[in-house]
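What follows is one chain in structure tokens, specifically the form predicted alone.
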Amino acid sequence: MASLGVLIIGAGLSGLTAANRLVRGLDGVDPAQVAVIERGLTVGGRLATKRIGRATLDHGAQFFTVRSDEFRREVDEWLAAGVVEEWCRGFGEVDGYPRYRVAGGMNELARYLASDLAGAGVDVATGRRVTAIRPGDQGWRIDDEEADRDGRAGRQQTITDVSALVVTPPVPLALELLEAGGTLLTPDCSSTLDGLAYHRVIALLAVLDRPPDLPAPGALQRPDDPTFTFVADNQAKGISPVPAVTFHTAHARSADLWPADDDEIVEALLPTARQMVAPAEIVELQIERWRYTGPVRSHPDPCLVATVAGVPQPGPLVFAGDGFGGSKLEGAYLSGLAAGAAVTAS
């Protein structure tokens, strides 16, 4: 692949939003000159939904809220299209702020956005693992390889002459790609990005034999609980045909359990999970690990236009995603919006 205008690495909400901003903004870029590549076999990132038998469970982001005018305009379009729905206005206590769910599960929002981009002519490719980023004479050079469902590497290729690059994976992973390509950032950029650390979260996914005894709207948000900070019945949420509960483990507990194998994690968490859903019984259980769920401390800006040290910079290099401007889904959206604008302004 050669002579590409803008390459966006990562098809989470930030990457998909950046692509949308580029092709649909007032300074719209030719969609044929925009591409999005994603290492996973499906788009979405933390917009993640899993099916276990008949059960459907959101296991990454569980819902989202709206605070900014920019995000409100977008969400109003999603509501009108029937993609998202209001779930509730608080957990245990009504505070008036809508919490939104996605019809069919959170990943359906990412699929909707990716389908819209593909329909406009943007190439959205999954199962493509970037291995290195380096500046070239005529643009950025990106090494990548195909990946199958078992993570095995396939055909390798190099994308050349990329005019602008938007990098949305978690910052530690993004920096690894630059290091693999021998690409050095200026000291001010390096010091800013090196300081970004992320929380880890272990999700426990449980299919039940009957509805759990959880208060309306079928979920608990407990930010100070030492074991589970969020618990939600996906059937009560409206996305699963059978009772199925997602447990998000507290950051500190997740960090402690991270080195353990899945069986040890289940042994440690299962007694509390059983107690919370009683009298329902857990009939099937799976573990999902999120190494990078959100920044310990966000970069204050919604994106960062980075500069390369030692060689001529072939075009804009923009960092965006969960580490910038806030850890919530709205922050990821605003980061993608800012990244798209930064590319066209460069």
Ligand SMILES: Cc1cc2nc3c(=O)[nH]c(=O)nc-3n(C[C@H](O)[C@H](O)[C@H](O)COP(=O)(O)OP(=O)(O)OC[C@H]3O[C@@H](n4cnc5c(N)ncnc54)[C@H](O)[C@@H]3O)c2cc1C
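In this text, residue numbers run from 1 along the sequence as written. Just so we're clear, the structure is a prediction, and the values are computed from it rather than from any experiment.
Omitted from view is the form predicted together with this ligand, to which the following refers.
> Would residue 328 count as a contact of this ligand in the predicted complex, using a 4.5 angstroms cut-off between non-hydrogen atoms?
Yes, residue 328 sits close enough to this ligand in the predicted complex that at least one of its heavy atoms falls within 4.5 Å.
> Would residue 299 count as touching this ligand in the predicted complex under a 4.5 Å heavy atom rule?
Residue 299: no contact with this ligand in the predicted complex.
> At the 4.5 Å heavy atom threshold, is residue 257 in contact with this ligand in the predicted complex?
Residue 257: no contact with this ligand in the predicted complex.
> Is residue 49 close to this ligand in the predicted complex, meaning a heavy atom pair under 4.5 Å apart or at it?
Flag for residue 49 set to no.
> Any idea which of 276-284, 49-57, 310-318, 33-41 reaches within 4.5 Å of this ligand in the predicted complex, heavy atoms considered?
Heavy atoms within 4.5 Å of this ligand in the predicted complex occur in 33-41.
> Select from the listed residues 232, 102, 165, 130 the one whose heavy atoms reach within 4.5 Å of this ligand in the predicted complex.
Contact with this ligand in the predicted complex is made by 130 alone.
> At a 4.5 angstroms cut-off on non-hydrogen atoms, which residues of 56-74 are near this ligand in the predicted complex? List them in order.
Going through 56-74 in order - heavy atoms within 4.5 Å of this ligand in the predicted complex - the hits are 59, 60, 61, 62, 63, 64.
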